[in-house]
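So this first bit is one chain, no partners, the form predicted on its own, shown in structure tokens.
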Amino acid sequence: MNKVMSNKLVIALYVLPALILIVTLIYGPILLTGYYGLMEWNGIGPMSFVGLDNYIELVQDSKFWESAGHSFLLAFFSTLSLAGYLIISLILGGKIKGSNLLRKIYLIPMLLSSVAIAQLWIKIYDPNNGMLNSLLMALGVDNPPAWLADPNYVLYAIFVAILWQYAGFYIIIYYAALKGIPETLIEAARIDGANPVQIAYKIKVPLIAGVIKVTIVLAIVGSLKYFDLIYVMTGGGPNGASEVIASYMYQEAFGSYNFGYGSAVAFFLLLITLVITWLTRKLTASGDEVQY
């Protein structure tokens, strides 16, 4: 009995440092954010308790819901893009020439910081000397748009940069999952006369369904809290056309020094993310996972 208690004590001592870090760096700030959301505070002076006023204002704030719509649109496009990433992974997993080189090329965006990627795409979208507009003019397009200055195009231009940024991340996840499928199953399907499309659709994809569900959750959650590349490229402009929830929260807290309202936005974002994650897991839930 003493030995069992001693082992549990040792385990607790090993877990304790990590537990302290998690509580201090994750759960503590979350609780403080919720607490600050109940206050009126400029970040410097004294705080005054306003109850749920910030949250009531948030629900009635048209700018917040506009930025939320942009975040949901990004989540939608990010989820759709997973199908393209999966197809690329299936192709790279086949016996094609240059697949090793292509895998390395797709990983390049993962080696760059968000700021570097933002600066790269700012140069590409430059209305005067950018590569994209130069190409369009060479193809005969007159007066191509200023992609990052036009409210009709800026959001989609940023989406392209974000999808490019995370392509390598999802492709490598799918590729690793596909490589984990036993080759004997693939060979048996070939012997039975299955073509590559049938093998991909009826064997490979069902066997990595669990991984696909995880990437759907990652894409949705990551899109809802996305901030850095958008902030560097446009700062949410022009006139809020590319504002997302995270950038709106930053602008309210650090731009307008309205830390109470900014905290309410951040805490509400957390709640939205939790609810959507739960709904996504429910909607993608199935019976028994395919085993191999």
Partner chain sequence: MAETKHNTGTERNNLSRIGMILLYAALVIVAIFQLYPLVWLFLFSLKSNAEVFGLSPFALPQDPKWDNYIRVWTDGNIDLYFFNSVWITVASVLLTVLLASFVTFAITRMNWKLNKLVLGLFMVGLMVPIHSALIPLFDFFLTVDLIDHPLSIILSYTAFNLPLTIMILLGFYYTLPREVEEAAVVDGCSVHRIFFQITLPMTTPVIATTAIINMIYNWNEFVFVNTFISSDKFKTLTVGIQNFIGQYLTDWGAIGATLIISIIPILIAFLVLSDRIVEGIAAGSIKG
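Numbering follows the first chain given and starts at 1. A quick note: this is a predicted structure, and the numbers were derived from the prediction, not measured.
Another form, the form predicted in complex with the partner chain, is not on view; read the next lines as being about it.
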query	finding
Candidate stretches 139 to 147, 68 to 76, 180 to 188, 119 to 127, one within 4.5 Å of the partner chain in the model of the complex by heavy atom	119 to 127
The partner chain contact at Val244 in the model of the complex, heavy atom, 4.5 Å	no
Tyr153, heavy atom within 4.5 angstroms of the partner chain in the model of the complex	no
4.5 Å heavy atom contact, Ile220 to the partner chain in the model of the complex	no
Proximity of Lys225 to the partner chain in the model of the complex, heavy atoms at 4.5 Å	yes
Single option in Ala200, Leu207, Ala167, Ala157 placed near the partner chain in the model of the complex, where near means a heavy atom within 4.5 Å	Ala167
Residues from 30 to 52 in contact with the partner chain (non-hydrogen atom within 4.5 Å) in the model of the complex	Ile30, Leu32, Thr33, Tyr36, Trp41, Gly43, Met47
